[in-house]
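Have a look below at one chain only, the form predicted alone, in structure tokens format.
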């Protein structure tokens, strides 16, 4: 396996006519790590991935792979491989022939190509499937063939473009773990594109969230979920309820936020006073029947839904209607029930103020 390489973007812009799909993007992917480009449809993440692959050329800026400037270099000279959303397997070829295809196109002798293809199939758990046709495989097996075909080229950088979007939920969970295990065991440099936040958090060392062609925030999964830097991030990374409160400084990196009848001390990297916007994570709110002087936020159940593993409630409060998740399913609260909402500090995130 070729020594893993890093990827660097320096103020990269991509225009299509007068429209800028990517605007002044800079980031670094360290060798041997898996970094995900995450964002809603149209945010520029796939365009960015295609610029790494050389399938699109940058309008401005510089792109480096392993310290080499590849900004103007074509796709075939970049030493990268890409796993596409559609898998792009040849239906008239066997599994082994599909995996051999890129090797043979690169001038590798048939015997050596076959040996490397069998080795690649074994790496993804498909030894013994060499003579099958793609139509005889499940969706997950087809995805593994596509990964093996990319791996046998021994690329410096492996790219994934929404690789799990065609699979059902259970298979997606299984395959994302297999991709992560493979990446770590082989020390691969991987850039991964998805619009699924849970998928991104499950596989990534770092996540780069894009919005409207620019980077919104770059950090670890925990950073982005627990310390979103903008209101967009707080809404996008998991469920959250926006609310407005009044803050006062407490010192030692904390502030007190008054939300209706409740006041809660939360972490804040800066001294804040006055009106603030916070995001309240629904899974961190404890729902209790109303008791006097609980210190919680009072409310009334507006909607209740049983979804198997938990209850989902819509609760009217003095700071607005809140979406709340409750693990207690054995005794659901009826619509109209008066409740207290007890807020956990880790679930109240300062996003503006």
Partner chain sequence: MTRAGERGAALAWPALGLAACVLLPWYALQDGLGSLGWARELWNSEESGAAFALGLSLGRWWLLPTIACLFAAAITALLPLPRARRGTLLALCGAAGIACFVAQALGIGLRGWTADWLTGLFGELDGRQFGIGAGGAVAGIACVGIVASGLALRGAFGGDAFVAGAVAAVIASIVLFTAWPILRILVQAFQNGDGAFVPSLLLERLSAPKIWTLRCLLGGGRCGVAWNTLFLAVCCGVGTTALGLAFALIATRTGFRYKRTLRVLTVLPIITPPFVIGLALILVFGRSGLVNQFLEWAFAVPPTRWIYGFQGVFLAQLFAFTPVAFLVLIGVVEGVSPTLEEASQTLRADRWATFTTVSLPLMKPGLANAFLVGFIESIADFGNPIVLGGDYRVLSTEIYFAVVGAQLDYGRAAALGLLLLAFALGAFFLQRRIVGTGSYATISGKGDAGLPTPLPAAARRVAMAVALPWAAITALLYGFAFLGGVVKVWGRDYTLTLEHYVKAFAVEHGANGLIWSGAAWHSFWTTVKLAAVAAPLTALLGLLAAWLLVRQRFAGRAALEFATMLSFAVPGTVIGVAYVFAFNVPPLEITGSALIIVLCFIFRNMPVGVRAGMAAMSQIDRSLDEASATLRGRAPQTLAFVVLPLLRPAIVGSLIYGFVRAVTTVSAVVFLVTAEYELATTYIILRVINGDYGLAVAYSCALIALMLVAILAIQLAVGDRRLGRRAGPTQGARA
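If you superpose the two forms and keep the largest set of C-alpha atoms that fall within 1.5 Å, you have the rigid core. Since the model is a prediction, treat every value here as computed from it, not as a measurement. Numbering follows the first chain given and starts at 1.
As for the form predicted together with the partner chain, it is not shown, yet the points below apply to it.
S.K.: Considering the partner chain in the predicted complex, find the one stretch among 289 to 297, 24 to 32, 65 to 73, 319 to 327 with heavy atoms no farther than 4.5 Å from it.
M.R.: Heavy-atom contact with the partner occurs in 65 to 73.
S.K.: Considering non-hydrogen atoms and a 4.5 Å limit, does the partner chain approach residue 55 in the predicted complex?
M.R.: Residue 55: yes, in contact with the partner chain in the predicted complex.
S.K.: With a 4.5 Å heavy atom cut-off, would you call residue 120 a contact of the partner chain in the predicted complex?
M.R.: Outside the cut-off, so no.
S.K.: Applying a 4.5 Å heavy atom distance criterion, does residue 275 contact the partner chain in the predicted complex?
M.R.: No.
S.K.: Quick check on residue 243: any heavy atom within 4.5 Å of the partner chain in the predicted complex?
M.R.: The answer is no: residue 243 has no heavy atom within 4.5 Å of the partner chain.
S.K.: Which one, 153, 175, 201, 182, lies within 4.5 Å of the partner chain in the predicted complex by heavy atoms?
M.R.: Checking each option against the partner chain in the predicted complex, the one that comes within 4.5 Å is 153.
S.K.: Considering the partner chain in the predicted complex, which of 215, 264, 137, 108 comes within 4.5 Å of it through any heavy atom?
M.R.: The option sitting close enough to the partner is 137.
S.K.: In sequence order, which positions of 84 to 121 have a non-hydrogen atom within 4.5 Å of the partner chain in the predicted complex?
M.R.: 84, 86, 87, 88, 89, 90, 91, 92, 93, 97, 101, 102, 105, 106, in sequence order.
S.K.: Given a core-based superposition, decide whether the C-alpha of residue 269 shifts by 2 Å or more between this form and the one not shown.
M.R.: Comparing the forms between this form and the one not shown, which are aligned on their rigid core, residue 269 does not shift its C-alpha by 2 Å or more.
S.K.: Would you say residue 92 moves between this form and the one not shown, meaning its CA shifts by 2 Å or more once the core is fitted?
M.R.: Residue 92 C-alpha, core-superposed: shift of 2 Å or more.
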